[in-house]
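We begin with a single chain expressed as structure tokens, specifically the form predicted alone.
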Amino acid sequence: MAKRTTGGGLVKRHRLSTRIWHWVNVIAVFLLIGSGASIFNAHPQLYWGNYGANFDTPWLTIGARADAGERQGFVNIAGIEIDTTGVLGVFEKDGEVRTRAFPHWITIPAEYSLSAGRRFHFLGAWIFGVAGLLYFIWSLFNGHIWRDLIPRRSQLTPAALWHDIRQHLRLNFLHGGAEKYNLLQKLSYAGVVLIILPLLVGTGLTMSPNMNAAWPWLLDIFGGRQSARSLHFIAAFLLVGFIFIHIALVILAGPINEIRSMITGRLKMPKEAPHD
């Protein structure tokens, strides 16, 4: 049962390592998503297994077709087709109709270039990988992962989960106290840090021919290069979904206060602050 306590002051919210990693990731993920979309445009289909070619059956296709003299964009997922004209597959740029999976306003670079896309992706991957490894090691050293990201056993109950969901629906994001992450935060952050990000790194390495030669067991773990490519895309999609939800919650919680806490590490509590 939540009670009300007097707030209004500044409380410590984020560690320095978390803040640095957060802003480095903003740059790295921006590069990786944009350049990854550019690379995907070279062959906008995904497969399962070791091989993937135009004669194989993809489980996902983003493309374009001519219908009654007009080009239409579509996304086909396991036989279910969705019209995406104007967004994916077919879009306009400089008054011309373009037919690529992802439009120019998503890709890095804006104009299609597989070689440039790979260079930007490689740069983003190095930033992302080095920063992530340092953050993970430091978080193990200072106990951040076990203390702040892994839920306690008492939290992993249906009642606790339902309580956390209700508090979020009421836009009460500080019900666990500003110094601690609440249950939904712990589950989402742990899922990203311990599952999605390692999956992105592992599948990314598996798609590299050089790594296939050095570590061929990666192909066995992920079921082949095409399966790794599919898992890489799915993990990237989940990460983008997390980012959109994260931004939405920051806006709902008060963007100035939240962004300041990620810069200075301290969050300003409301005058009547909820606390468990």
Partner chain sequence: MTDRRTILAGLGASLLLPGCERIGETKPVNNLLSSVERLTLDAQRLVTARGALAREYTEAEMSPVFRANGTRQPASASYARHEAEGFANWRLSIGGLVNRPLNLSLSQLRALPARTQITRHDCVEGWSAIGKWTGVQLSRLLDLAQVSNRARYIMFRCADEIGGVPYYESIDMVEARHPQTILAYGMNDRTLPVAHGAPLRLRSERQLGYKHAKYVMAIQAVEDFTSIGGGKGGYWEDRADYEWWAGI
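What you are looking at is a predicted structure, and each value in this text was computed from that prediction instead of being measured. Residue numbers count along the first chain shown, from 1.
The next section is about a form of this same protein that is not shown, the form predicted in complex with its partner chain.
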| property | result |
| --- | --- |
| Contacting member of Phe237, Phe244, Trp215, Trp59, with respect to its partner chain in the predicted complex [4.5 Å, heavy atom] | Trp215 |
| Contact assignment for its partner chain in the predicted complex, among Arg147, Arg170, Arg71, Arg119, heavy atom within 4.5 Å | Arg119 |
| Whether Val26, Phe141 and Ile196 all lie within 4.5 angstroms of its partner chain in the predicted complex by heavy atom | no |
| Contact label in the predicted complex: Lys93 to its partner chain, heavy atom within 4.5 Å | yes |
| Partner contact for Val250 in the predicted complex: its partner chain, 4.5 angstroms, heavy atom | no |
| 4.5 Å heavy atom contact, Ala42 and its partner chain in the predicted complex | yes |
| Partner contact for Ser115 in the predicted complex: its partner chain, 4.5 angstroms, heavy atom | yes |
| Contact segment among 72-80, 162-170, 202-210, 131-139, judged by heavy atoms lying within 4.5 Å of its partner chain in the predicted complex | 202-210 |
| Residues of 216-247 having any heavy atom within 4.5 Å of its partner chain in the predicted complex, listed in sequence order | Pro216, Leu219, Asp220, Arg225, Gln226, Arg229 |
